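Provided below as structure tokens are two forms of one protein chain, presented individually as structure 1 and structure 2.
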Structure 1
Amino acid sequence: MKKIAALLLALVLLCSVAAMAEGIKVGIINLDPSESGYRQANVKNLTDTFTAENGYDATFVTAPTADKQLDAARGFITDEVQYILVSAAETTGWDEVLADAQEAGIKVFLFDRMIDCDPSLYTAAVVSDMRKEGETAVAWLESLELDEYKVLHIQGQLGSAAQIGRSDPLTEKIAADDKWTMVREGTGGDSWDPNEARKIAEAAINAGEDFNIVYAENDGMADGVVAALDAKGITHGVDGDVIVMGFDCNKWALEKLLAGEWNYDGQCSPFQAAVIDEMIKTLEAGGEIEGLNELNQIISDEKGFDARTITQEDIDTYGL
């Protein structure tokens, strides 16, 4: 009996030593990985970075709705984690929880999605600048120095941050420059539906519209338009008549770039983990985080890939 008690005691001691050896306690709240290729890559990026080997004791929660996310955040506060990382399903309703976390001395990082609250409630936000993505894409188009820009524009979910950010630079350019015309404008709807994009492109081609640029606001819809082009015998890509542009940099889409079937893919980076990791390590070492703007944001560095210069290495590194 004594032996067993001693064993148990030893076990408990061992456990507590193990617990002490465990790293920085982090609670990570994300959206469901089945949401998109973007989210899948984002979740993987976080789980790959916040590992025990890297000095973390991380708990991951993926929840598609705001109430479950808030519950998870409250759980983390009770658990006395040191850091909470959030990609919020909804922009509002977080003030109270974030204030509680601050009171408990927990530092909060936002990633991918902003929350509508006072910037003092979080330490930093690592986000994409959708407008910059649009500007990069339009600048790339300009660099081609075509005689005419006749654009078939397929928008995403109207009113979403990604749609507005990617649409505005294009529509502004078309309004400002006579060489640029909007041949057709359509939307894939709330689900960014490739099939709807295909129908819009088919209708445009059937109507005899002449366009030389497809500007689709995500990869799936670009693929839908390409299906319509293929069916009608219109060539596209590097040596084709029509320039195809997509966004998001899914692996399969970048492969189409490498094959010369598409021309451009704009990145929307899901890789925020390394930046947050660095900031946490800085804070743990007693340093200060630098480079934040007035909203405590750090804007992800995002690229645009050109089919003429993309390499297999790019696909392996940046593909979702």
Structure 2
Amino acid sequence: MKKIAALLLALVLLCSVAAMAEGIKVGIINLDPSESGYRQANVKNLTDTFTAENGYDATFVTAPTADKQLDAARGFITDEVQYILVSAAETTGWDEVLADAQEAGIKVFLFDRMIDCDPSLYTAAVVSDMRKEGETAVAWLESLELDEYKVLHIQGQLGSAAQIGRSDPLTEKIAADDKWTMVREGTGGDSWDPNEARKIAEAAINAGEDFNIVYAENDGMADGVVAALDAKGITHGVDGDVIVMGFDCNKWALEKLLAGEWNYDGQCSPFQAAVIDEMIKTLEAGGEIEGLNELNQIISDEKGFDARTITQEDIDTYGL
């Protein structure tokens, strides 16, 4: 009898060890890392955190468009993961899938970007305030007190939280102030493509359209526009004819600020994994997540950098 009891105990312990070895089952849906230096840092941050050594059985899906992301989420629901993490390509269209995940007992975490839905449909969001990023950039432009603001606007992936947040404060300011003009507006597409940004700038230059501000919604697209300016001998930066603005704070972009070749770069933190990891471990231990706002968010604290005041220490601290 004692032998049977010992055998049963050994089997229970073996099953427990096996269950622990399997790890917390997580499905992570992200955008293409080739999109930008920001995205590469974001992907690496997640893959370095959600590892078997850290107690996870994680599956990573790269899905650059909303339809592919929704398909991936449905697949994770079918696979009965415990948690889904998503950086949404678009802000809308998620309600049904999130409701299905909730019904299946799967907790959803948003990272990097928000989704336009009832906050009850996701557990928490660890995100940047994209609207604040745009407001900070526009406020910086206003502080220059230019006689005219003639803007070449290069947008990111249309419909994404980053594009909407960075675009809206600019378009609202242009609509409200006669000193501000939208000379030309275009998008780098779903991949925030520097080459597409360059084409938009070349079209504006070749059409004789006069602009003195480049407002590009990520660093790569700003660099694409600068290539078009350089090809035409148009000066830019601190002592140039055209003000160059980017977002994300790639180290190479901040170095261009320090060199006076660009004027402004808006920070967007790619590091959300540790916060979500802590939240999941809290839930797994039977605890409750603390510190969320009314939208179940934790907002990254971010700033903008000016070429006139940036330091090497800033680059070393904030550059991606």
Partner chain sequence: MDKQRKLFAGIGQLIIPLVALGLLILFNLFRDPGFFSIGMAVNNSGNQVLTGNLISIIDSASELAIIAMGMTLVTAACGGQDISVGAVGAISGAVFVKVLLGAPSITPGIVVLGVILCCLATIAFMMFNGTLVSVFKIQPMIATLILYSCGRSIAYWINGDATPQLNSPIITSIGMTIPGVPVPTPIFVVILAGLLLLLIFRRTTTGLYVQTVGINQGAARLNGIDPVLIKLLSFALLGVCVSLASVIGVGRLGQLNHKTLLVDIEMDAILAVAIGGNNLGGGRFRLSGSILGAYIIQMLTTTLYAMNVSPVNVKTYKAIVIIIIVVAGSPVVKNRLSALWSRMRSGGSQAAASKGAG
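Heads up, when I say rigid core I mean the largest set of C-alphas that superpose within 1.5 Å between the two forms. Residue positions are counted from 1 along structure 1's sequence. It should be emphasised that the depicted structure is a prediction, and the values quoted were computed from it without experimental measurement.
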- Query: Which of these two, 1 or 2, is the form predicted together with the partner chain?
  - Reply: 1
- Looking at the motion between structures 1 and 2, would you put residue 26 and residue 105 in the same rigid part? yes
- Message: Give the turn angle of the smaller rigid part between structures 1 and 2 in degrees.
- Response: 34
- Item | Cα displacement of residue 125 between structures 1 and 2, core-superposed (Å) | 3.6
